[in-house]
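Presented as structure tokens, the chain that follows is alone, the form predicted on its own.
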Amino acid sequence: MIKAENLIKIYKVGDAEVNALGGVNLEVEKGEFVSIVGASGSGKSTLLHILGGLDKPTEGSVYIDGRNLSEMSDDELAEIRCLKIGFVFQFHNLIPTLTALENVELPMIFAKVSTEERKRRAKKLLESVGLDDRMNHLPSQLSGGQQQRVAIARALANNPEVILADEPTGELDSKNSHLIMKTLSELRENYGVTIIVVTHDMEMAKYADRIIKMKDGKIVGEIS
């Protein structure tokens, strides 16, 4: 489903160069749940952003379902990000003036889904993450864990094949962290999506089928 070949990412910081990735190779099978762990600055978030087409590598290639992201136009990348990949971030990124239902509907507007179908699908997704009684609440009326579940439902709005989650439990307490990871596991089982989670928390990483460890911009092994 996802294949990364010799990914190198160098950032310019003034006159200095920062090597964020130093030749990363990775393959993730369709329907697999993978965690990427490592200390702050190990390159795990940079890798996730490149896998999702949010950033471009200095060298190397990423293939999603056999398609090379580096050969795509900006419009083609935008389409991939809209329809094939769902993103979940640490800080939810919900629109504060929209209800939970409207936040989940938003990606479907960009995908030109009809109003009736948008509402039907958004309701079903919120029900699937246990928020059927919070659909008409604003983000400010929801707990941090509930907001993150809205973000997960939104990530699934356009039936993506891949979910990329960057520290999805980073701002949550232990109880809500486990709830979010259980929700991701259940959605993988129910929808068959491929999930890659970046986390610094080994307890959360253990929900995955496979745990990949990064250090200094490189994959240094797997943790069983």
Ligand SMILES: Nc1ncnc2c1ncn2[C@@H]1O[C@H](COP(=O)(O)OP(=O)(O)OP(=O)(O)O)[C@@H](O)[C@H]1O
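Note that residue numbering begins at 1 and tracks the sequence as displayed. Bear in mind that the values here come from a model prediction, so they are computed numbers and not experimental data.
The form predicted in complex with this ligand is left out here; the points below concern that form.
Site check R149, L179 and Y191: each within 4.5 Å of this ligand in the predicted bound form by heavy atom: Zero of three within 4.5 Å in the predicted bound form.
Exactly one stretch in 23-31, 42-50, 59-67, 169-177 has heavy atoms within 4.5 Å of this ligand in the predicted bound form; which is it? Looking at the partner contacts, the answer comes out as 42-50.
How about M202 - does it come within 4.5 Å of this ligand in the predicted bound form, if we only consider non-hydrogen atoms? Judged by the heavy-atom cut-off of 4.5 Å, M202 is well away from this ligand in the predicted bound form.
Which residues from 1-19 come close to this ligand in the predicted bound form, meaning a heavy atom within 4.5 Å? Y11, V13, V18 sit within 4.5 Å of the partner.
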